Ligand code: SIN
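A single chain, nothing else alongside it, follows as C-alpha cells in the form predicted on its own.
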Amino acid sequence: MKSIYDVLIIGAGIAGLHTALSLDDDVEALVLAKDYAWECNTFYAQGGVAVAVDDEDIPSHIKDTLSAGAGLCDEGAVDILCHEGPTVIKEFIEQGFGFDKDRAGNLLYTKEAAHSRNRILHAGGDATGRHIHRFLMDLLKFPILYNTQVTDLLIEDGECYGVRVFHNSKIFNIYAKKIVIASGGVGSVYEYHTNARTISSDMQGICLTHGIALRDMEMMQFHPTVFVQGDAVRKQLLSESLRGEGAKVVDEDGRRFLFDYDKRGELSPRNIVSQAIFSYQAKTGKKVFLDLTNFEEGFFMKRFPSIYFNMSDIGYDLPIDLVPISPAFHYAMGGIKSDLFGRVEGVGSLYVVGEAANTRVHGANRLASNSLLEGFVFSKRVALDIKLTLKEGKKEIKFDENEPSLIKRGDKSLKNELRSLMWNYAGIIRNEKKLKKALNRVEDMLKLPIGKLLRLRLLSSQEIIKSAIDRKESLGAHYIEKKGDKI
C-alpha cells in the first residue's frame, strides 16, 4: 500500500463513493472504510431519493425543504440541492442504475412526510440504499482499505496533510494532497438509533480537538417509527414511505392521536411526529403502534421487502400485525461546518461531505429523503473543487506516528452510560435542567483516564449538549420543554 495519495476519502457510503466516482480516472485515490464497506448508513437507507419530478417541481421542492428546515436552512445550499439534483440523478440513471418503475417503464415516485407531492424515487422497494451502495461499489475505480479506524487528522499551520489510522493492529500515517471526510453522523452516542455500527462521531470529535468548527449540533433528528425492541444496537427502521402510502399511527385503543398535535397527522414533519409520540406515551402510558392493515399483503411484500422479511424473522406477520414503535435517533443535521463546495473552514486541503457536513442544507429539520440527494449533489461539487485545485503546490511534511491508547479498561461501561445519558437528557424533548446535568456528567467523564475513541465520542456529545443549552427556544428538531408547555 502506498503512503502518499492525491485524494484520501474517509468513508465508504454514498458521499464518499460518489466523490470517488466523480474524480478523474488518473487520480491516485484511496477510500478508507472503518468496517466492511457496506456497514454504513447508505446501505441501510430505506425510503429513497427526493428529487424534483420536473422543472416545474423545483420551486416546490425548495419550498418544502425550507419549510421543514424551520428557518435555519441556507437558501443557497437548498437552491443547489434542488436545482442540481435532477441533473445528477439523470446522470446516475444514464450510468445504468435502475430505480423502480411501473409496467409502462415510468419512474415510480412515492410521498413522505412534509413533501407537497410524490417525488421520492426508490429501488428494490424499500432497499434503495442497498441498491445504490452496491451500484457505486461496482463502479468504484479506486482501492478501499477496510477495517481502518481514523484516529487523527494531520494538520499543521492551517493545512491538512493526511490522517493517522489504526489498521491491522498498527498505527501509521497516510498522506494525501486532498482529504475528504465522508464518515457520517453521530448515531452511536444515543441509546436508540437506526444507524450502522460504524457511525460514532469520531471525526466530529477529532475536528473539535483541532479547533475546527461544528455547527447546529443541537439539531438531531429522531425518526418517529422505529421498532426498538430486541438486543440489536441498530434498531429496525420502519420507513416513512409506509406513512406516505397510508400506514397509521395508533395507540393501544386504535386511536389516531397524532391529529391532536398537528392537522397533518401521520404526514406531519418528523420532528412533530416524534415529539408527539414521545409526549403521548409519557402522558398516557399507552403503547403506540404502526397500523399497516391498509396494505394488501402481496403489494406490501413487493414494495417493502426488507421490512417484511426483517419483521418476519422477529415473528411479526405483516401487514396484519400491529408493530410497536418508538422514536429513535436517525440523522444529524448538525456537523462539520463547510462551504458549498465542501471546504472545511480554516483548514486547507480538507473537505467534508454527506451527513458529517453542515452546509445548512437541512436546517433545523431534514426533509425526508433529502440526505441521499445531498450525498449525490455535494460530493460532485467536492470532486469538482478537487479537480480545479489538485495540481496546486503543497510542501511535504512528516508527522510522528505516536497515538495514546485508543481503548482502556472501563470504556465500554462509560460508553453505555453516555448512550443512556444522551437519550434521556439530550434527546427528543429537552429541558435546561436535564441538559446541564448531562453536561456535568460528560465533563466529569472527560477527566477520567479513558481511551481516545471514547474521548472523541464525549467531545461530540459535549458539543451537542452545549449547543442545545445555547439555543433557548424550540426550533425544528430541537424542542426545549418549558413550564406550562403542552405538546
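Values in this document were obtained by computation on a predicted structure and should not be read as measured data. Counting begins at 1, following the sequence as shown.
Just so you know, the form predicted in complex with this ligand exists too; it's not on screen, but the next bit is about it.
Engineer: Answer with yes or no whether A368 is in contact with this ligand in the model of the complex, where contact means some heavy atom within 4.5 Å.
Structural biologist: Heavy-atom contact with this ligand at 4.5 Å: present for A368.
Engineer: So, in the model of the complex, is G427 in contact with this ligand at a 4.5 angstroms heavy atom limit?
Structural biologist: Contact with this ligand, no.
Engineer: Do S239 and this ligand come within 4.5 Å of each other in the model of the complex, heavy atoms counted?
Structural biologist: Contact check for S239: yes, within 4.5 Å of this ligand in the model of the complex.
Engineer: If you check in the model of the complex, is E112 within 4.5 Å of this ligand, heavy atoms only?
Structural biologist: Close contact exists here: in the model of the complex, E112 approaches this ligand to within 4.5 Å, heavy atoms only.
Engineer: Tell me, out of R119, H133, K415, H223, which residue has a non-hydrogen atom within 4.5 angstroms of this ligand in the model of the complex.
Structural biologist: It is H223 that has a heavy atom within 4.5 Å of the partner.
Engineer: Taking Q46, R270 and H330 together, does each of them reach this ligand in the model of the complex with some heavy atom inside 4.5 Å?
Structural biologist: Affirmative, all three are within 4.5 Å.
Engineer: When this ligand is placed as it is in the model of the complex, which of 208 to 216, 231 to 239, 71 to 79, 286 to 294 ends up with heavy atoms within 4.5 Å of it?
Structural biologist: Only one stretch qualifies here: 231 to 239.
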